[in-house]
Ligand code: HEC
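Okay, here we've got a single chain as structure tokens, the form predicted on its own, with questions on binding and movement later.
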């Protein structure tokens, strides 16, 4: 991070901490603080804290706006930074939301003299909940962005209610009698419990959306900062549990516990401040979903075993036994009479069951959770075909069956890349195999790594070709693709000079028609099928007419032939139906039994495809999609 980014993150953390303090203090006064003459002094202290928090939020917010404006405009001096502030404030989404937040703070402070705090709580809460609109969530857009904004807003309100209420709690425990201080701690418990539940629930969504799940959590810089934040949260939660379950009851009985309680709350405050700082730096980093996660462990969880009818029973029984053992252990903790027999039975069950869970784990590599950045583009597939012919065919053979001219001289036979087992490997595993190679059991190199020969981009292109080729061989053998396969990405020219790619057709089915030589396509023959029509042309100067678009780049023809398992010359006349989600669903060639030249037959086939969408788990390791 640059100096200006660090400064922005620090000011962001101070600003958010002040807002949390304002919201938490107001909520504490309304919910946790007992009503009575003995609390008058504490309430005066709370109002001073509200004023200080609000002013700190205003000052830090203006400073953050200035520094962020300088970062956006690339300002290299204080004068230039101040000059661009009005532009950023009035012409950017960040500026608009910051102005709204600062306005809400001013109104909340103006209303301090009015009795009651309900309106101030609402204003402070809205000001705090605006924060997601100033960061990554606000930039995502769509339904996913709206869900993430709502999740982060609840996350911030929960954090503000809990962490922002710690300083008021610290002051109350120091000023009130020990009985009233204990009652105040009990009154704060519902706020803390609700906040923890909200924080935990919303954190799960943020991990999935911004971090890319567990791979992003453990394998990216963004995830590492999140792990630090999570570790601080766990310690913070442990202190909160200690305060409520142990120190609060002792404080109710004797005033001598007051110093211990205040030290514990002060420690919570420090940890809470560190959590806010970690969150601010987290918001300044690129989300983990935009990074390739480097997996740090030698094993990874593989749930694919449950879909294998031959091996699902072993881990299922072992998991069931483990759950029963845990239930017995919990029963032993609750009922003291059976504690030791229950714990002994738990240990015995786990000793037997846990070894049977090893089938759920497979070997992992640093690149195991890499995903191809190519979008399965036609240009990548065509380039990968040339790379395979130049660098791989000598060992793996022209058809990639492991029978190349150099195969017999190798210590291990080259893999048959057309076999079913190839599809069991995800993108990241293939990337590791190609870039690092293989070593035979005797230590001799069976396949040299290509990381020093091919660029990262070239390796991904090679992987795209291998996937397309494997699918094409299966199509040639069986007449269908063995697993969901996306249509290779390409650009097409439509009438009016408009250029589209396949993503522009997402949500609408498409018919891909391969035409070459003197063949012509009659667009009106497809008028009533209810799909976009894209002609892949070879050797002709085709012009888009009506609703038909034309793709004439030679790489598109090559890629389509590869995924269909036919030669370049045999592709002409082929038609492919692509569903509304971009999956290739069916192919037809002249002479096939089903006559797609009949518009009614083609329309019926399309309706059947659209009514039976493919249910694909997009987090699965074996699905390759753009």
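Numbering follows the first chain given and starts at 1. Worth saying up front: this structure is predicted, and the values here are computed from it rather than measured.
The form predicted together with ligand HEC is left out here; the points below concern that form.
Checked against ligand HEC in the model of the complex, the residues 481, 295, 438, 281 give one hit for a heavy atom within 4.5 Å, which is 438. Here is the short version: of 203, 267, 410, 475, the single residue with a heavy atom within 4.5 Å of ligand HEC in the model of the complex is 410. With ligand HEC omitted here, the record of contacts in the model of the complex names 421-429 of 255-263, 421-429, 342-350, 485-493, defined by a heavy atom within 4.5 Å. Residue contact check for residue 219: none of its heavy atoms lie within 4.5 Å of ligand HEC in the model of the complex. For residue 414, a non-hydrogen atom is located within 4.5 Å of ligand HEC in the model of the complex, even though that partner is not displayed. Looking at residue 285, you'd find every heavy atom of it more than 4.5 angstroms from ligand HEC in the model of the complex. Within this chain, residue 396 lines the site of ligand HEC in the model of the complex, having a heavy atom no more than 4.5 Å away. Residues 438, 446, 447, 450, 454, 462 are the members of 436-462 with a non-hydrogen atom no more than 4.5 angstroms from ligand HEC in the model of the complex.
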